[in-house]
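Take a look at this one chain, the form predicted on its own, written out in structure tokens.
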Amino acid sequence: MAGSYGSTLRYKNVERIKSIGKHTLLGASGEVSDFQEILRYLDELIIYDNMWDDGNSLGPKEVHNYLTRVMYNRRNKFDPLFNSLVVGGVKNGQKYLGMVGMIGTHYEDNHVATGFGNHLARPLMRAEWHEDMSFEEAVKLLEKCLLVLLYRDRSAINKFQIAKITEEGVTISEPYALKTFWGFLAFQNPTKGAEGSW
């Protein structure tokens, strides 16, 4: 939810989850201005798709493939879009979840993450995710991952949104904060026991 100006957390209410068409959700980390550019590309794509008026619409897999090509194309022009994107959705009963990196790298899986989350959150998801999770269990697991990331990233803020997409439609929660505890001894005196002087 943060939007930085350099290393300053300037904007603390930037929504980074958007609905794309009828069947797809898009989440982004990275540059806000580049995310806005990607949303403009997707608006044009959805309008063009709707102009055919053939009763068909783009699903999450098509949006994911399109974004993979866009990111790779911009990388080849040495003008990359500095974002990592998560694409999810449901179309015709088929669930889809994929990730696209800044240079067009991409994958599909049952759980995905961007940035620091690839290193710290995915191992937690691998250990605790299972196919028949309820929505509440999935939210608890996400919140656990977000807490781990929050405690380890100086530029993160404690404000999140959770999105859910089903055949019936899209739900994006209002921003909310997690309960945190900063009273750990290691937080109070981080240099205790360190060798040498500063």
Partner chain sequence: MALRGDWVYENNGGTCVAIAGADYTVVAADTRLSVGYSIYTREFSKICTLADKCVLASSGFQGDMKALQKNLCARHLIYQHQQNKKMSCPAMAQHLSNTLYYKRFFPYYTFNILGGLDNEGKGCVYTYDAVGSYERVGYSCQGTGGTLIMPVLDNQLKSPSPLLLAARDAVTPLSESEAVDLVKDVFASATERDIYTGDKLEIIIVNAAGIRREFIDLRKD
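Since the structure is predicted, the reported quantities are computational estimates derived from the model, not experimental observations. Numbering follows the first chain given and starts at 1.
Quick note: we don't show the form predicted together with its partner chain, though the next part is all about it.
- Stretch-level contact analysis of 39-47, 64-72, 163-171, 144-152 against its partner chain in the predicted bound form, using heavy atoms and a 4.5 Å limit, identifies 64-72.
- In the predicted bound form, at least one heavy atom of residue 102 sits within 4.5 Å of its partner chain.
- Heavy atoms of residue 122 reach within 4.5 Å of its partner chain in the predicted bound form, making it an interface residue.
- With a 4.5 Å cutoff on heavy atoms, residue 91 does not count as touching its partner chain in the predicted bound form; it lies far away.
- Although the partner is absent from this view, residue 109 contacts its partner chain in the predicted bound form, with a non-hydrogen atom inside 4.5 angstroms.
- Heavy atoms closer than or equal to 4.5 Å to its partner chain in the predicted bound form belong, across 131-167, to no residue whatsoever.
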